[in-house]
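Shown here is one chain on its own, the form predicted on its own, set out as structure tokens.
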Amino acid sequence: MLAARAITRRFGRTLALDGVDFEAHAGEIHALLGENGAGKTTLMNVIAGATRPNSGEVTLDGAALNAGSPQEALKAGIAAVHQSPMLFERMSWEENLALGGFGRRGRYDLRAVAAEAAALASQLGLKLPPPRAILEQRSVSERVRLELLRALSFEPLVLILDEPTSVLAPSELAGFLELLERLRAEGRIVVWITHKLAEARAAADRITVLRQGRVVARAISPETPERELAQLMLGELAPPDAAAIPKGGSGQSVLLLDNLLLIEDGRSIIDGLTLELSGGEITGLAGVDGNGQTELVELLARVRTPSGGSIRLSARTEAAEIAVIPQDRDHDGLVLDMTLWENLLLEPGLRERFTNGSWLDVAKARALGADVIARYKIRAASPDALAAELSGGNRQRLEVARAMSLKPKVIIAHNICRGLDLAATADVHRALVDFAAAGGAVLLISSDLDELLALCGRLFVISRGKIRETEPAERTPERLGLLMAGAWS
């Protein structure tokens, strides 16, 4: 049995865990639910040895683990897959996996490591990056998949998963659920942190719910209704779905991508992509991560230069009026050792509002930070809190708040709700709907088909850098899953 007893953990003035008790048994999939900032990831890090608690202890089969020692936790058989992958960004994926349990007979034989990883990935239906690809050049979902493979390579007794399905394609989900069933049948313990209530109810044996650092429901049945689970998580009834979603644009083009090309190392990453965005509409782009979405966002953010084609704005739209929300908040969206208000001012359009020549009005910038904290329900002590002190979901809220505060004409949003709880997801969706209803244009790039089907007027699919628009009859999860896999017949 895995047990965490009376775990308390503070981060400055924030009480992340308040006397939490948690236990999971052999041959069990135990789902851990809670809103953003509830303490789920902190509890996971305490169990995995990545965070030392202020008080309390973790035991496995009755033996106490050395608090704050990832090495001892791993030696005891506890492995974790983090929402923000804990990998060496400047190394290749083979080198990262060589630091795991792969290639133990010939530790530095990267070909043996790659062969073992490919065999395991094939069992799970996961796609590996190209040989010797450096991780900082790969997508978040690819890194999460690699971290999952690395964790499995240790053959752990306890596997802790933090929001793994948020980056999996529909075609990969079945293999992932089969993996959980296999681990359970082998008598292992799976602790699964998720916001997807339907998945938790379908696969978990028991569910524990955290709210504001405390356990509010312990080891309850997965047959508990979704609405009741949502109320336990949020302390209130689940928010209603967004209404009045714009399904047709104003017809006024604000951004045109014309035959866009991006070629690197002789390989076409973006291949003749043409897409027009109109005001008053949310346009969706579905795809398995790694098919050119990240590069497209970087082209639109002007941090890459296209190899051909053009990105044209309407006569009434300026480049500064495009807000980009990247999917990798920790590497591309925020500077974690800067304060909240400083991160807001990383957006040039916002920074200009608080500067006069070379002088920055710090008081007004901090006031903006305080307003954003209140308006977007970010759990932070003050605008002077570091972004690193926020939970993953609250960092995502900060990214969204910065984009909305710019008051742009176009929003490019990439996997905007990854890691967000029910209430935060509803808030973000409502903000996008309101933005489009007021005449803004949104390009929503997502691997979450439910999100795209709920919000988007037009829906495109991207595969190997090419896109095609879907017909209404094709907009089912099954058909879209096939299209995302490249079945364009």
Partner chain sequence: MLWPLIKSAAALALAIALISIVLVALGVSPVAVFAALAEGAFGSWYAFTDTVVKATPLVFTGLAIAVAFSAALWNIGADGQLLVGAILSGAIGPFLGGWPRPIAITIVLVAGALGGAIWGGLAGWLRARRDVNEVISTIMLNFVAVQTLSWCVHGPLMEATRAYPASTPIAESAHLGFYFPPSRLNLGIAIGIILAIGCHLLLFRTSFGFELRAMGRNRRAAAFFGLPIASLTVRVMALSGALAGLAGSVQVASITHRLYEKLSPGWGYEAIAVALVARLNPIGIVAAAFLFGALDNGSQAMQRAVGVSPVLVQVIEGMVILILLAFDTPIWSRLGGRLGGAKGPAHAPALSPDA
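Note that the structure is a prediction, hence the values are computed from the model and not measured. Positions refer to the first chain, counted from 1. C-alpha atoms forming the largest set that superposes within 1.5 Å between two forms make up the rigid core.
Although it is not shown, the form predicted together with the partner chain is what the next lines describe.
Although the partner is absent here, V144 is not a contact residue: none of its heavy atoms lies within 4.5 angstroms of the partner chain in the model of the complex. Shown alone here, P326 lies within 4.5 Å of the partner chain in the model of the complex, counting heavy atoms only.
At a distance threshold of 4.5 angstroms between non-hydrogen atoms, L386 is in contact with the partner chain in the model of the complex. Proximity of L360 to the partner chain in the model of the complex falls within the 4.5 Å heavy atom cutoff.
Site annotation in the model of the complex: the residue of M338, M86, A320, L99 reaching within 4.5 Å of the partner chain with a heavy atom is M338. Listed residues H82, R402, R150, H195 were compared with the partner chain in the model of the complex; R402 is the one with a heavy atom within 4.5 Å.
Residues of just one listed stretch (328 to 336, 275 to 283, 74 to 82, 367 to 375) have heavy atoms within 4.5 Å of the partner chain in the model of the complex: 328 to 336.
Residues L345, L346, E347, P348, R351, T355, S358, W359, L360, V362 are the members of 344 to 382 with a non-hydrogen atom no more than 4.5 angstroms from the partner chain in the model of the complex. With the core held fixed, the Cα of W192 is displaced between this form and the one not shown by less than 2 Å. In this overlay on the rigid core, L340 has a C-alpha that sits 2 Å or more away from its partner position between this form and the one not shown. Once you line up the core between this form and the one not shown, the Cα of Q137 stays within less than 2 Å of where it was.
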